[in-house]
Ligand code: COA
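We begin with a single chain expressed as structure tokens, specifically the form predicted alone.
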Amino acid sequence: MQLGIDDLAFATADRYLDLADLAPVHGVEPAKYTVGLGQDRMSVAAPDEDVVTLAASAALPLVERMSEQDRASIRTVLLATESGIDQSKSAGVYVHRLLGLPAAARVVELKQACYAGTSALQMALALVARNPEQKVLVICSDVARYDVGSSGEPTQGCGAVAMLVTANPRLVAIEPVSGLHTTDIMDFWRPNYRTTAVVDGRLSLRAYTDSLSGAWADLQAQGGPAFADIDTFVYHQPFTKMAVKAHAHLTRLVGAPRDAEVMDAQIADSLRYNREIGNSYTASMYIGLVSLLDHATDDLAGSRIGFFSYGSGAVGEFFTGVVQPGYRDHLRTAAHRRLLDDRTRISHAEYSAIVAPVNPVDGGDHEVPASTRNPFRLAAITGHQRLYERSAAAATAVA
């Protein structure tokens, strides 16, 4: 029996900032971002968008495709995020209600920086192995935010990915062997008293590649596939150039021929969506997977994908999956392209107005003006509670 990803979709904000409009503010040429970071645009969450609304928007197409009986088989919802909205209540509980899922389910939020989505996937696989009749909904959702004017600002972004994990999956069967690596290091973190992250950029780059080396070595020690037996690679992408650097590092590490054209072909399709979305933390590697499946011109059926998931602090995991026959029949390529193309380009002034306010912390009554055209929105923060609703703009668009 194979286990893996049966259905897959992503969501992002309905507006973006072109990095060509940010570069002059930072006093640099656009190429510093488009070439140096490998980023063209970054999605900007509206004031009424957060990890809950993005997560529900990503999962909605999966749920709408399912029969009522199939929905009842979702006994677990795992939401991974490092942009949590509450110290106790799982953001996934709000999502569970917005999606209209059955009450007979467990819902949990997982955290370990950008790695948490892979932790959720591995837990989901274990639950399905225990009872193959059940399905697990895994959602990775984040809003990447850094201090205005900082070197991290052009690597902001937001997005969510929803994955239905089942037995006999239609998209990607996840192989059982993983390589793991954990070390206590302060390369990136966000204390409870901060709304933006603290990051040591140079240390974080080194921590990433060190974790990749360690996870790869453990994968080989556990009997995992050799480098030559992997056809394509998907890496965690805090910015797309990091994936390029990571693949070059792994190629050197294993002593494989450093053919630039071959190396590019092994990762290029996985980078396309992230160039337009920016960093989405837990979702970024899985948006890379969607990008690979949506953009590959060759039929990937039977191909083995190597995944490297990294979360600062730091935890890394290298695992593999095999693309299933007929996978193209279950993709949402046109919908994903439309999602990105329909976004609104905003000016730097508009972007500044969006990111300047912070959520109120006085426990009072605060309505949030309707802004997003995505399916769900944050309507108010009142009496210490966050209130979510179906977006009127989305309902009008559907009608």
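Model, not experiment: these values are computed from the prediction. In case it trips you up, residue 1 is the first one in the sequence shown, and so on.
The same protein also has a form predicted in complex with this ligand, omitted here; what follows describes it.
At the 4.5 Å threshold, heavy atoms of residue 240 stay clear of this ligand in the predicted complex, well away from it.
Interface membership of residue 342, defined by any non-hydrogen atom within 4.5 Å of this ligand in the predicted complex, is ruled out. Taking the partner from elsewhere, residue 201 is found to have a heavy atom lying within 4.5 Å of this ligand in the predicted complex.
Remark: residue 363 does not count among the residues lining this ligand in the predicted complex, judged by a heavy atom distance of 4.5 Å or less. For the marked spot (10, 353 and 355), a heavy atom within 4.5 Å of this ligand in the predicted complex is absent from each of the three residues. Exactly one listed residue, out of 312, 282, 211, 274, brings a non-hydrogen atom to within 4.5 Å of this ligand in the predicted complex: 312. 245 is the sole member of 295, 71, 190, 245 with a non-hydrogen atom within 4.5 Å of this ligand in the predicted complex. Across the options 217 to 225, 297 to 305, 231 to 239, 83 to 91, residues that bring heavy atoms within 4.5 Å of this ligand in the predicted complex belong to 231 to 239. Along 11 to 50, a non-hydrogen atom within 4.5 Å of this ligand in the predicted complex is carried by 29, 31, 32, 35, 36, 37, in order along the sequence.
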